[in-house]
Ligand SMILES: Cc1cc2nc3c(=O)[nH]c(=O)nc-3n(C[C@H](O)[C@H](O)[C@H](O)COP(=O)(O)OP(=O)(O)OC[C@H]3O[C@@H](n4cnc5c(N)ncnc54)[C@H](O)[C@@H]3O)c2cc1C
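There is one chain below, alone, in structure tokens, taken in the form predicted on its own.
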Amino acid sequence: MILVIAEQKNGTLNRASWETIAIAQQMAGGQPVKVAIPGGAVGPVAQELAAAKVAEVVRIEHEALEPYTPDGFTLALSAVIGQLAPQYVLLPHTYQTRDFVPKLAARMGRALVTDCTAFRPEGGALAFARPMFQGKLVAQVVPEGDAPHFVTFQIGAARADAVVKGDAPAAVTTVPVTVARAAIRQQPEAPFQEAKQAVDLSQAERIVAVGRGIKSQENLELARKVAAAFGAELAASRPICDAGWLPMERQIGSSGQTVAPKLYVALGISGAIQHLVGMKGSRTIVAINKDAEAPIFEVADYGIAGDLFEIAPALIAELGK
């Protein structure tokens, strides 16, 4: 059996959870797939997950699980996983997962493979593709030891709309857990936001990103107009954020956020590997760069070799019609 640990916040499901469910369905090969959702009150989210073609949706509810703490999640999930006894436990590679799953795997004494992009059969087992050295190499990792094996998948490793839906809602059950408040050592504060406009780019459906080709901070206004025309979030490659032209929360790449929107428009981004690993899972990539040999065109679905200061205003005008 494969168990997916879905993620929600304030009753809203993280879109990456659907991607992980899609991967679990592809991996299953006849095995049942179950989805667990932890939190303080997860009834509505559990019903949303029940639309997927899975054997069961498991509610893991306890007041000590809201707000999230790594101690609380580790205590609750280790008990439920021990009871369900899956072969694999799959999770989306989110900030929250990165915070608690190493502790969870260590507590249970099981193997953990993180940040995977794919899987394949390997000698009767499964090997998981894991990019290394900022995407320059891809390791094929086969977890050893007793089950369950914990595996996290990059955002964009699968498409959320690839989830197979069931003919009828899946059964939703509740597994009771005991989490002593005294065992939780963390005192969480409100999530940090640098500004009221702070955004989780991994949840954006459309993104317009800018690179060095924008030339100066004053020219960002043009990029903002392009983003507004597409109804998209504005993002950037690392040099733009390092220069302080946009906040670090807007950075995409190996040292920033990993995204997989439906539409990704790259303005003046050459396509260094550090940036590509953060956005190559986008469904449709449009690149605008004056250098026809720029690496970004190797991953782009549509490429325009030209001056972005001529092309962007034309795009804005066309989209405004």
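The first residue of the sequence shown is number 1, and the count goes up from there. Rigid core (definition): largest C-alpha set, two forms, superposition within 1.5 Å. Here the structure is a predicted model, which is why all the values come from computation and not from measurement.
The form predicted in complex with the named molecule exists for this protein as well; it is not shown, and the discussion that follows is about that form.
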Worksheet item: Does every residue of Lys215, Arg238 and Ile288 put a non-hydrogen atom within 4.5 angstroms of the named molecule in the predicted bound form?
Response: yes
Worksheet item: Which pick from Gln134, Ser202, Thr117, Ser78 sits with a heavy atom within 4.5 Å of the named molecule in the predicted bound form?
Response: Gln134
Practice prompt. Go through Arg107, Arg224, Arg159, Arg98 and name the one with a heavy atom inside 4.5 Å of the named molecule in the predicted bound form.
Written response: Arg98
Worksheet item: Does any heavy atom of Ser255 come within 4.5 Å of a heavy atom of the named molecule in the predicted bound form?
Response: yes
Worksheet item: Taking heavy atoms and a 4.5 Å cut-off, does Gly11 contact the named molecule in the predicted bound form?
Response: no
Worksheet entry | Gly306, heavy atom within 4.5 angstroms of the named molecule in the predicted bound form | yes
Practice prompt. Classify Ala272 as contacting or not contacting the named molecule in the predicted bound form by the rule of any non-hydrogen atom within 4.5 angstroms, answering yes or no.
Written response: yes
Fill in: Which of 180 to 188, 247 to 255, 150 to 158, 78 to 86 sits within 4.5 Å of the named molecule in the predicted bound form, heavy atom basis
247 to 255
Item to complete: Tell me, please, whether between the shown form and the other one the C-alpha of Leu276 is shifted by 2 Å or more, with the rigid core used for superposition.
Response: yes
Discussion item. Checking Ala294 here: with the core superposed, does its CA move 2 Å or more between the shown form and the other one?
Written reply: yes
Fill in: Rigid core superposed: Arg250 CA moves 2 Å or more between the shown form and the other one
yes
Item to complete: With a shift of at least 3 angstroms, figure out whether the C-alpha spacing between Gly271 and Thr94 grows or shrinks in the predicted bound form: closer or farther?
Response: closer
Discussion item. Thinking of the 3 angstroms or more shift, are the C-alphas of Ala118 and Met279 brought closer or pushed farther apart in the predicted bound form than in this view?
Written reply: farther
